[in-house]
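To begin, one chain is listed below as structure tokens, in the form predicted on its own.
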Amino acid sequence: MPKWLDNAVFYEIYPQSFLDTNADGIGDFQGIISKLDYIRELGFNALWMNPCFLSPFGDAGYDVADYYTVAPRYGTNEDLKRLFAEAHKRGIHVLLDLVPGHTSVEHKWFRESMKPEKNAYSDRYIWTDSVWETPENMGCLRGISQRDGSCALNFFSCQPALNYGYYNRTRPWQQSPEDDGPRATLEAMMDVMRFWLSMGCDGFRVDMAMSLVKNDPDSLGTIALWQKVRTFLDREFPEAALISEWGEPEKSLKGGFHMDFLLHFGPSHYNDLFRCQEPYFSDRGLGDASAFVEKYLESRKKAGKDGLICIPSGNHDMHRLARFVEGDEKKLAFTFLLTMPGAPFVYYGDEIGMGYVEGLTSVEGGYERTGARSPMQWDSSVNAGFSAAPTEKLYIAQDPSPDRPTVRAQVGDPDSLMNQVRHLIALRQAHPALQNRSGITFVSNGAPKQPLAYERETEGEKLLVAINPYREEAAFSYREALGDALYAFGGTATQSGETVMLPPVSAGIYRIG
């Protein structure tokens, strides 16, 4: 288990939207390098970058055309290597986004697989035996070459599915994970990982990690596949982190991942907190966090003592946090995000409360997600400091609001969201009880009209986090005596006997014992 994950706090960078240094309207590696000091000064000590490999960008780089070459719009392989080195100088680890489930139709592997003659890549993708037969429960491409067969798709029609085999096989063309073709695919993906880890990358966030072995209802084949990857990494790169987009910690962590995300789809109830008609962190007081707490505790138990669960502020696939959680509500949400176990992930711009840009035409396969991918807002200069390109050349339009938040405007304001985030990260790093592997006990589960309160504890330190998003006071029962407040927003709690009263729209972190 990489020791650096014990106190990692991640910042997610969508590279095309972060900072453009060559005035082409698209962010680049040099832009990221130039802002590493900003990221470190906020307290982040780890990065996750969305895909930056060669791609036609039909799906924002999740349609990879060459796993070994970065997209020229971002720079060169040497530039990425320098980014790793500059991050490491500042004590920042960097994860790349690995997309192992599919490639672009432009990948050389796929072009070779389309040939009717048998070759080393014929079984790199999932092909049926006849152009008239389609894969079950999957889209397909067919009639695209002289090869007689249909090729399975993972998502968009530009993303043919790589072949890791079928756990339950019902057709002659469905291969076992142990057949030569699927084994070669896995070896090829491990070679990709080996290349970038040797270059200085610190690990990978794995896209759709649960989806590789097909017809695998209990994920047994996919778990076994990732256990092979874990063995490889432990042998050659023991400090490399592996983080899954899976959403079922009991499976992903068994497969060898160090951490799993709570996803905005599936059973986690994550959306109950931030992204629904009445989110828990809205001060309207109509939200309910109790189902989230129940599911979270269940997932945490399944994850075991060595597993981390990430609760992100958002990501490139979600609407912005600020679309549903407004004003000071965002400070309460960040108090929660930065005091929970597991490694926190903050999506670029969420630290200043960037908004979701409504009504944008889809860019690079974003569709309704496009409004959450708008360029970073640094200052009040042209294009909010993102780019010196003519505004019409920006690859995604920026938030046109005259009062859009910027980093520059928030730097000098001690009450700004950005400085609250900075302060909360500093508290997390200063107190072992708030860090990634320390325990948690809920004492109020955020049921309707109830605050969210939980103890964080490690050997020698016990703290209580208490959050009341409502416009009126809220109370909960607590037998221990509250000590001094390490952090308080909106006022401090009062205690009478075993009753704790929280001011309206408030959050605090208190010593216990």
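Source: prediction; values computed, not measured. In this text, residue numbers run from 1 along the sequence as written.
A second form of this protein, the form predicted in complex with a small molecule, is not displayed here; the remarks below concern that form.
Contact test in the model of the complex: residue 155 vs the small molecule, heavy atoms, 4.5 Å: Contact check for residue 155: yes, within 4.5 Å of the small molecule in the model of the complex.
Please tell me whether any heavy atom belonging to residue 190 falls inside 4.5 Å of a heavy atom of the small molecule, as the geometry stands in the model of the complex. Judged by the heavy-atom cut-off of 4.5 Å, residue 190 is well away from the small molecule in the model of the complex.
Would residue 303 show up as a contact with the small molecule in the model of the complex if we use heavy atoms at 4.5 Å? Judged by the heavy-atom cut-off of 4.5 Å, residue 303 is well away from the small molecule in the model of the complex.
My question is simply whether residue 245 lines the interface with the small molecule in the model of the complex - judged by any non-hydrogen atom within 4.5 Å. Although the small molecule is absent here, residue 245 would touch it in the model of the complex, with heavy atoms inside 4.5 Å.
Identify, from the list 205, 107, 73, 428, the residue with a heavy atom within 4.5 Å of the small molecule in the model of the complex. Of 205, 107, 73, 428, the residue with a heavy atom within 4.5 Å of the small molecule in the model of the complex is 205.
So which of 183, 254, 323, 316 reaches within 4.5 angstroms of the small molecule in the model of the complex, heavy atom to heavy atom? For this set of options, the contacting one is 316.
Just to confirm the contact call: exactly one of 121 to 129, 137 to 145, 369 to 377, 388 to 396 touches the small molecule in the model of the complex at a 4.5 Å heavy atom cutoff, so which is it? Selected range: 369 to 377.
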